[in-house]
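In structure tokens, one chain follows: the form predicted on its own.
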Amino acid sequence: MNVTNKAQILRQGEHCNFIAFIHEGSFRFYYDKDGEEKIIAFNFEGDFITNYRSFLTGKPSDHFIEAMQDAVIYKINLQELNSLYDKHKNIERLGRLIAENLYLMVASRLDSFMFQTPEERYKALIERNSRLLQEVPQYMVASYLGVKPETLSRIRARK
């Protein structure tokens, strides 16, 4: 599936009924709080992307998923996935691996806020995707790090 820049593949309030694999492009996972965007994650080529809580529970998503550039994703909905699980037992293993991958991403993000400074989170983000600074506005990177843009400017100046 081709996705254009700034297209939202999930909106706040919608049920997330898919898991997608990013073949090309990048996405941001965020929510809106009092008119201010709070970025939870950036996802890049090779990542799976979903609101897994909404996917599993059927409840509305509190988050948006938006393309940050033109992208290509492979998307499967819950019904199709369950059908594959029923027909092909090896696909269940793939589903478990996807779930584990998504869990590890969330656990890593939580750990980063518990055990790392904003500067360490910035360094880890840049190590994961060095193009990020050229592709993503500074206010988005600051939001992801949990700091104000001015603080990010100071962190970048120390490098």
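Numbers follow the displayed sequence, beginning with 1. What you are looking at is a predicted structure, and each value in this text was computed from that prediction instead of being measured.
Not on display, but discussed next: the form predicted in complex with another copy of the chain.
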Joint contact, Glu92, Ala107 and Met114 to another copy of the chain in the predicted complex, by non-hydrogen atom at 4.5 Å: yes
Contact of Met68 with another copy of the chain in the predicted complex (heavy atom, 4.5 Å): no
Is there a heavy atom of Glu80 no more than 4.5 Å from a heavy atom of another copy of the chain in the predicted complex? no
Is Glu45 one of the residues lying within 4.5 Å of another copy of the chain in the predicted complex, judged by heavy atom distances? no
With a cut-off of 4.5 Å between heavy atoms, is Ala99 one of the residues that contacts another copy of the chain in the predicted complex? yes
Taking heavy atoms and a 4.5 Å limit, what residues of 1 to 34 are near another copy of the chain in the predicted complex? Tyr31, Lys33
